[in-house]
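Single chain ahead, by itself, as structure tokens, in the form predicted alone.
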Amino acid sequence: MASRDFVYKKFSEFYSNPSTVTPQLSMIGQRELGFLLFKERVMVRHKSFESMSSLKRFLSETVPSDVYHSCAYYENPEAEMSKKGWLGADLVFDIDADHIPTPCDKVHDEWTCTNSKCGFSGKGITPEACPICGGQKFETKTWACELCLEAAREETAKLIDILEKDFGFSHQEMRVFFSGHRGYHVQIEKDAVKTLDAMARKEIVDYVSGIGLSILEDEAKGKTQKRRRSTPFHLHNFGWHKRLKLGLQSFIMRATKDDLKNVGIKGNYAAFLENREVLLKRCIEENRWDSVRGIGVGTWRKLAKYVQSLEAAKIDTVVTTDIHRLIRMSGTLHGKTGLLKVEFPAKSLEDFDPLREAVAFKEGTARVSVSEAPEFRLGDNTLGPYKNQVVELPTAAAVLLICKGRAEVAQ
């Protein structure tokens, strides 16, 4: 309780501080807001506010651990779902390290099946179902290291590139945020996307993910169901075809024998390794994919499938297709880290440092008893590793470790 009270006090100080600016939320009066309460640990939904000042007053009085707003706009945001009167929704993408395989997740991420008769545990990305009992509920223990955040940043860069070059959205039309935990959000509020239904958003998800590319299929249906023909391999110079071309070009220029083996290419490695320039010119530039002996359509299709997995942006597909989705509010604290959800320009993604820019508590220290924590950086401080020791930490670091269940306030 002492630790929870400590974090509650820091959140309360943050939301009560007049200098704490909560960013403007467009059409706030038509948004549903939701709050996860600190002490009761219950979700309060279907709230609405006419102004940011009234919302800020509510935050200072209630002090929630997490604050959310709907991506949707409603006629009556406080009504039950069937009576809200849906008017439209922003197009939102969520990129989270939880959905990105990284070498480090097997080091610092753990999951345990909550089935009382099972309790099986493992490390790495949480599975969809327990491999022992098939249960789908887990208790997780994750960490946001710099490798995780970099992986999420790379996926966000892919997404922004696709939205800009293939969909025609400008950087000014994309709102980009660090989520406050292990990833990023990209939000588009343009009128052209607001009335898209769930199926239309699923089509966008499929495109961003590279799903359903006919060029990658081994066979295509002919004029009848009984008759099939081989699909020719040909890439255009736009959309996903262009992305595959550029990806293949990059792969060929740097590929080693081990890379070819990993893709599933068997034998005849010399055809690739000794003819790079020929492959780039004849096949990719001139679209003569069968012009090099030993490298046929099947091989190119296998390589293209591999490139597709590299070029696709790994997003949480459910978030984008859900037209009633609640998403964390910019300028508020994340209950699992004590860090801020922060907005920044899309063009600044490469230079944005989440472990510096998202730090909310910049003054003071706290004495905490740490059960276990890896080495980590927060702002200018590199801290840890710690294991079963009492240490004096900057307030932001102490809040982070307590929120992650790795420390308690020292008595």
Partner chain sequence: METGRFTQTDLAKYPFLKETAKLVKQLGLKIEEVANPDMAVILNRAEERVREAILSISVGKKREANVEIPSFPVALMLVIATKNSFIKRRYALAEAKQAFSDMQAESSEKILAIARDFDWNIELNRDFAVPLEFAVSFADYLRNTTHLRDKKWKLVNRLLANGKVYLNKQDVTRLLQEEVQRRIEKRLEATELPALPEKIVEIATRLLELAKESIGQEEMEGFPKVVTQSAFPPCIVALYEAASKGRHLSHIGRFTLTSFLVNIGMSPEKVAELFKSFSDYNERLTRYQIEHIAGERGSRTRYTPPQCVTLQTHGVCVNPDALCRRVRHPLTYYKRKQRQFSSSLPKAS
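Everything numeric in this text was worked out from a predicted model, so none of it was measured. Positions refer to the first chain, counted from 1.
Below, we refer to the form predicted in complex with the partner chain, which is not included among the displayed structures.
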item	value
All of 193, 200 and 204 with a heavy atom within 4.5 Å of the partner chain in the predicted complex	yes
Contact assignment for the partner chain in the predicted complex, among 330, 321, 337, 275, heavy atom within 4.5 Å	321
Listed residue (264, 239, 298, 124) with a non-hydrogen atom within 4.5 angstroms of the partner chain in the predicted complex	239
Any non-hydrogen atom of residue 306 within 4.5 angstroms of the partner chain in the predicted complex	no
Non-hydrogen atom contact residue 234 with the partner chain in the predicted complex at 4.5 angstroms	no
Exercise: residue 172 in contact with the partner chain in the predicted complex, heavy atom 4.5 Å	no
Contact flag, residue 136 vs the partner chain in the predicted complex, heavy atom cut 4.5 Å	yes
Options 250-258, 98-106, 209-217, 140-148; stretch whose heavy atom lies within 4.5 Å of the partner chain in the predicted complex	209-217
Any residue of 167-188 that, in the predicted complex, places a heavy atom within 4.5 Å of the partner chain	167, 168, 169
